[in-house]
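Taking the form predicted alone, here's one chain by itself in structure tokens.
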């Protein structure tokens, strides 16, 4: 893939973010999502790739745009796989709460795990640590103790990010027994995982818990580019979920995927803040203009570009 593609993907997330920002705080998740979807779809049509959506908004019958398997792009340029989320944090945007964003990852064809739409166990930490420092098979207390030791701090100085869901009640109690602090988030686990890459800015050292598998693939692509470690395991606890996995060609139902297993090869990633967040400010809307704040990065080089752009709005 041409390195210029990384910067071009920023235009895609900027478009989605600006559209969603117009619906911030209006209490209508569907309005915000539809605006972001339409804008991202339009922007993708100009991207000079022959793209296939591998992680999108569901199957074709459930999503008229940006569905899994949809062909996107201008039809020129390299064949690529695409993972996207026009609005990570629907509720956050509708309530104008922090950390909603638009995100996209692009890999060489065949580079993305075709994850079924099921839950995934996840654990993620930022860059700079020994390989395989934490994994899904160790108790949360052990993971936090190992992370604290590697960081040179006490477990009490570690902060964990967990989705605020009833299913995580036991996990929250286990983490609290270590003395670590917890930031519970109501939505947006892609952003939650990405926040581990900049703990000095976001205050998040580790992400723990279960969330959507497609979102896990998108977050893994981000970590491939920004840095960090992640493990994921599909939760296939019903016949229907196992059938969905079979349809995706997944034969080992207990396999633990690392970031490079979920997003392989040359990966580009871009994200734009919609609401103000720990890592990215949200969109600034002014009469006739919008200012966006984005990150664009590529796994091959590891270069991170923090992009502030002012857009003239028509109409």
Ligand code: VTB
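Residue numbers count along the first chain shown, from 1. As the structure is a computational prediction, the values presented were derived from the model and not from experiment.
Separately, the form predicted in complex with the ligand exists; it is not shown, and the next lines address it.
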Q | Of 212, 116, 140, 111, the one that lies within 4.5 Å of the ligand in the predicted complex (heavy atoms) | A | 212
Q: Spell out, yes or no, whether the shortest heavy atom distance between residue 90 and the ligand in the predicted complex is within 4.5 Å.
A: yes
Q: Verify the contact flag for residue 80: yes if a non-hydrogen atom of it lies within 4.5 Å of a non-hydrogen atom of the ligand in the predicted complex, no if not.
A: no
Q | Non-hydrogen atom contact residue 190 with the ligand in the predicted complex at 4.5 angstroms | A | yes
Q) Taking heavy atoms only, is residue 165 within 4.5 angstroms of the ligand in the predicted complex? A) yes
Q.
Given the stretches 67 to 75, 154 to 162, 240 to 248, 181 to 189, which is the single one in contact with the ligand in the predicted complex, using a heavy atom cutoff of 4.5 Å?
A. 181 to 189
